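Take a look at the structure tokens below, where one protein chain is shown in two forms, each on its own, as structure 1 and structure 2.
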Structure 1
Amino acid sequence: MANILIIDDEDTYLELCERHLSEHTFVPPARNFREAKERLASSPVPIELVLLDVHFNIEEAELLPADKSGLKGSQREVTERLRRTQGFKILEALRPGYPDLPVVVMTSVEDLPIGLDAERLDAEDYTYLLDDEYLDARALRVQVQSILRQREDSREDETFYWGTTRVMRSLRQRLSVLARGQLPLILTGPTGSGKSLLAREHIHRRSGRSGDFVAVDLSTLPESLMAAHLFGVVKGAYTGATANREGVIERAKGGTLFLDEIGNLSLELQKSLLLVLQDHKYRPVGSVEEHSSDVKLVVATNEDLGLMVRDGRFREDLLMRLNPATAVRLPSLRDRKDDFEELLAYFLRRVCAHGYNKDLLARYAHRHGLSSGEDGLEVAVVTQKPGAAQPGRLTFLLHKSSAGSLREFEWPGNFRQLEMVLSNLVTFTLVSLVEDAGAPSPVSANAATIRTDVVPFPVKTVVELLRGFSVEEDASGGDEDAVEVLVRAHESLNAVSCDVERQYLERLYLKYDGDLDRIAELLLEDGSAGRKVQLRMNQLGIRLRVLQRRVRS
């Protein structure tokens, strides 16, 4: 079911739709362009489809265009013509603000007003005409259904998972609009909630910009290099500058510049960034010349920028320029419980789709004759005994208690952590089934009763994987430098080594006051690879921000 807005000067469509398309919700109809604009902007529910009439018998003052002075013919003729084609005028006026909102214009190709460019209309992605000349509720219903389905399908292609809740849907719609605007955009939300992914895969893609997407993580960039990295540097500006080097602002020209952890920008560089936003002007380090660049700026932060302004750590004028009124906050995984099952299924498919897991799956499928040719394997997850086997499908069976544990878990590392847990879960589950390929497997021994297309996730593995992440809580007391290993029955080696690695990295982090480059120096003999260490810590589900707080105190 969907929320549908009818734009029609009479109630004829509304009556018909409420009777025959009752599975959908119809928001109060709009009678003209002005009302349509209002409804779309302020509807409490996201509007997913518009049904737009063509003839509008409305007052001249309400007819588009507002300025009719240039139109040919007597006033009566002009008004008549505008009434007969008003739907298309409304569509034209609404489109720029809602480029991917599906709109069904309630007329068929045969009935298009004379002089209207049918081909252009046809080329529009989200504009549909009626299939039938005379509106038939059944046909309309089929058409609406198929438009909504198409939309679901195209959503499936997205790398960013939105889910099905209203909150997320309207967030998605809002972001699509903000993406196309010229103004900067602030993304907030806890670590691993998808800010970076959103900036790259959704905002940049929908910005309609032809330039590149360039991302900079300001939390891993040494302060001394920040200016050169952002604005570029001219040869000879300082000892190390042996050649002119472009800054990211230049590289993102005509595209999107994503500044992650904007809170780490020094006050001085904040001023320079402000100038970029105000005048599109900047000066590379050591340069007297002004350069210009037009970028769509997206910034992310975990900090409260308003608070930083109060503390004098962030420039108020920059914050104002960043368009704080439209800041978007991504919810944590904890707050996405409403459609958790679907979410789980999505991420499970995702972790199965590449790397080692994909390989393991292919081997498992091959061994049990599950693959159906080129298409690969479809992966599903259920919490109850699945229905009949289907060719080309493998179903993971998640015990109810495991599903409950996953659902109730805190997920401090959010989606990053979820991906890791699920990925490990698939790996550990399949490895034991695939690696002992030589021995006659117990599965084939009683093949009559055991289904090879259903693979249960061992409850124990889920418990272990989740327990692995709670170590940090009780890791405080005792010897500061010690790493502890508990000997437990059935502990997998991988879980043990992750556990040790995690504790080890945490100790180092505390010991070196959070200086990741120093840790990188120590571990990798590369003092500039702090980012790698950070990534690994993230992968292990270490809550860097909690650690940071401990370092500070």
Structure 2
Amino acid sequence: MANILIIDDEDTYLELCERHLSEHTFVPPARNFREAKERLASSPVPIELVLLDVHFNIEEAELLPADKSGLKGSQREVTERLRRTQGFKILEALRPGYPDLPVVVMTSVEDLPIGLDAERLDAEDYTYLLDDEYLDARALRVQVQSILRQREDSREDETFYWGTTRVMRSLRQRLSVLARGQLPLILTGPTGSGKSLLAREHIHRRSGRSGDFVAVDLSTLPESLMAAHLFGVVKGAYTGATANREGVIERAKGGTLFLDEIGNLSLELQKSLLLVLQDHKYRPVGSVEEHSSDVKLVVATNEDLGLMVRDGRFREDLLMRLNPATAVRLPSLRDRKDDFEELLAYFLRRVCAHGYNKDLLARYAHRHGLSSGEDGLEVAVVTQKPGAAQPGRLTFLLHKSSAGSLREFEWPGNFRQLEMVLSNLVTFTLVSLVEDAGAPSPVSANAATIRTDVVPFPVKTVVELLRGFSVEEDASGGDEDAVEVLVRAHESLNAVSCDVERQYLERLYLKYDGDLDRIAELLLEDGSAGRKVQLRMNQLGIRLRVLQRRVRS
């Protein structure tokens, strides 16, 4: 079913897996980093998963790092410390070459803390084994099956393009589990990161609920109308209420109710929503009768609800009912450089499938005699001239400089902004080709040599579209340790502050080639506090692995 590599200095885990996970293939185990690297490079079949022990009782010469001269302590202390955590040293050394390889970190040493290091090095999962064959085998089976299921889902789920990175596979799996339960769900993340699309196309579809998906953006509703919109209103409840009108809770009965910008809900209505979650009851405005509710509630915000609770703007009891322990933060577009090309292709197909661009594609296909199916032309985007033409496909050619500009752009509006730019790019490119009456007819003596199936995106158009979103920065000189950041509008001052801090730490990391201790010396006057800087970057959602690649490049 899957090809699995075990990295361990003993055969205990290998024997356990071969007895209880016999449906999988286990390649010869690796005893140290050198052998692990050789197995991964020379395996005749791709290795799909690694099970990695933490404690390695191996010879000092085989321990990482190779150069131990700078490590503090006696030789015996250093050797014991490295043996105790060698698995993390191996994973850290493997990550640059295998950034998305799923790894499960294992240990049977009870007093060995592994959670923080496993997360720091992007391990897929980690587990403490109990020296009980049945329980250990069951725990490993659940973890292995979960990881393999995530990979299978990534090939099937196109409703919202997830990418193929480990982080996004894990996010998809987590949301798939949460979607099926009755408990509410909080989605956080910057504006334009896809919260409403994710709620509709992934969570609702996987919830198994037969009712409708109903979405409400609370930031667009006047406070005076929120109660009636949510809970409904009975005739005569107030001036203008000339008939009974159901609210969105009733419309979403049996389905999913998505409340965007939940922080805009007044304290009074927060109490009413709490009763919906607590007792599954509510009263329409002006009614004395209780109605029953049956909704899967998904709320979204780009504010810090915990901070709002401390400020008295959000009820703590409502936050607890909203299930904050399972809140999911969606990454911004700038945090998804690893799968930007796939996202670019997905959103290009998306903007070509509807509205004016769909009409332009149909007119272009008709003008140039390109065949297309019932759904129109299939579209693709490449950065170098494609091979032979494929029936029913139109390929957009993006110059490498344009691809680089799109990839490195900050995208403060995230996916919403990317979609807008690509939609405009397709429109401006195709309009001139469709409406230019002087264009040569595709039926000519040279028709066989004309690549009407390939349409280049003009470099200048890309530059102009991105320039329209750019903010002029102060280019004046200053302190040699200074870095420039953009101050961008957000829904709260806390979000603005976090955005500025995130940019600042990212730029310092690139400026000092990833030297966290140097950054700590600059910010905290403590050159040994690099770990504190790293933890803060993790809290802000900064992906160090992505930055490390940029440093190395």
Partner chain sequence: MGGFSSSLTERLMSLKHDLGKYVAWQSANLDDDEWRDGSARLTAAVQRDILGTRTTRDGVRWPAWVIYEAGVEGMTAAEREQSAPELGRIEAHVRWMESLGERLTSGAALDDQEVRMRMLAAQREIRASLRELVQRARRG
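Take the two forms, superpose them, and find the largest set of C-alpha atoms that agree within 1.5 Å; that set is the rigid core. Residues are numbered by position in structure 1's sequence, first residue being 1. Note that the coordinates shown come from a computational prediction; the quantities given were computed from them, not determined experimentally.
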Worksheet item: Looking at both forms of the chain, which one is the form predicted alone?
Response: 2
Discussion item. If the two forms are fitted on the core, does residue 131 show a Cα displacement reaching 2 angstroms between structures 1 and 2?
Written reply: yes
Worksheet item: 2 Å or more on the CA of residue 325 between structures 1 and 2, with the rigid core superposed, yes or no?
Response: no
Worksheet entry | residue 82 C-alpha shift between structures 1 and 2 of 2 Å or more, rigid core reference | yes
Practice prompt. Let me know the CA shift of residue 64 between structures 1 and 2 in Å, rounded to one decimal, core fitted.
Written response: 42.8
Worksheet entry | For residue 385, CA displacement between structures 1 and 2 after the core is overlaid, in Å | 2.8
